[in-house]
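Below you'll find only one chain, the form predicted on its own, shown as structure tokens.
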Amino acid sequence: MHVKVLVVQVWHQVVVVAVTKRIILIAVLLAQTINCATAAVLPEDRADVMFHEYDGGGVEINGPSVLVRKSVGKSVSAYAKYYVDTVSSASIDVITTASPYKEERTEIGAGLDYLHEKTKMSLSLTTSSENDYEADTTSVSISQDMFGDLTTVTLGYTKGDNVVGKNGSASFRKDIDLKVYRVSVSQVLTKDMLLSVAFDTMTDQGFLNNPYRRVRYIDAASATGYSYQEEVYPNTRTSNALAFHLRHYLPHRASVYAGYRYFVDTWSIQADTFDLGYVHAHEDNWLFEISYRFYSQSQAEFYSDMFPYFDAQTFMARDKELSSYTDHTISAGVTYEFAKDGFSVFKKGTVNLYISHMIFDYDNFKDLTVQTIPGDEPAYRFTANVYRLFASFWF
């Protein structure tokens, strides 16, 4: 199946989504853009070890992640990462049209950053594999500090070569090609305020729907009043996203941040994302954070919860992530810094715990576990919790 949870750490800020693989890639690229839109310095040498767990909507996802970064001389920094997802799913899609399943996805990646004066060039390679999906992603970017190091401009390009399979059908192999172009600008507005603006254009081509998912249509001959057929998507999709992030540092060792992201694609989906957060340091070792995120989108033009008849139109989808829905996420986190004077080969370390509570409300995706007149089922909604426990070590 093709639903995953992504957990991306951008220093103390964490982005969490539980959506399709394509939206996961968008979130990864957004995180990379924000990460690249900093001053032209090499990242610190550090190691991160994380365990995450997602539980909601009949889906459980958990697994470890390890990332190690080390400088080579004064101009090069290299990293390697390892990430595992173990998925157990009995989601609303699964229990109404298929059987619960369990699978594992493994991802490995490596990258290089090269710094020359005020220019930083980055290259990353990532490959992931599961029983019915393989993905290879290559990303390059270049960032330049200018105007007295108050402005950083970053240009990036990502190419993804993916292969979709289907359990029970060894001959089923479909390609997906993805290309992403991005530009971001980070601007120091005052000594206490930083603004980042990022724009992404993404194109997909190939088999873009889920080979297991089906749409329902009215069928008077069926005992339930409806039947199912395979969904059909267009084989191309182009999307654009524009994001603004503002961070203000407060005098009492705290900061507030806010952001907005607008998304639109050729499938007629429009989405708005708002986020707001507060970070507060306590004494010399503690850091607390609380944030709120709101997401809202319109439906794809070929989406319907129930079509009027078999083969009602050329393209048909009943993926809840293509419907009209909203998502509220409340997150809280705490970081404890220890061994500030160093221990063993490490300079210092931190232990971090983040908890997020997510509420999904779907406007026109119906809960088919409720038996009633077809089309009169209540709108589907569910909640989910995400837990992230990780430790970081500087060396």
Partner chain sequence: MRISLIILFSLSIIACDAQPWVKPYERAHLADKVMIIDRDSVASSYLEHVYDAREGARGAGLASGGGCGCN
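Positions refer to the first chain, counted from 1. Remember, it's a predicted structure, so these values are computed and weren't measured experimentally.
Only in words, not in the display: the form predicted together with the partner chain, which the text now covers.
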property: The unique member of M316, V153, L287, M306 whose heavy atoms fall within 4.5 Å of the partner chain in the predicted bound form; result: L287
property: Position in contact with the partner chain when the complex is considered in the predicted bound form, options E230, E301, D192, D219, heavy atoms within 4.5 Å; result: D192
property: Partner proximity in the predicted bound form: D113 to the partner chain, non-hydrogen atom cutoff 4.5 Å; result: no
property: Interface membership of D149, the partner chain in the predicted bound form, 4.5 Å heavy atom rule; result: yes
property: The partner chain contact in the predicted bound form: K174, any heavy atom under 4.5 Å; result: no
property: Partner contact for K366 in the predicted bound form: the partner chain, 4.5 angstroms, heavy atom; result: no
property: Which of 70-78, 319-327, 219-227, 165-173 lines the interface with the partner chain in the predicted bound form (heavy atom within 4.5 Å); result: 319-327
property: Within 4.5 Å of the partner chain in the predicted bound form: residues from 176-201 (heavy atom criterion); result: L178, R182, Q187, V188, L189, T190, K191, D192, M193, L194, S196, A198, D200
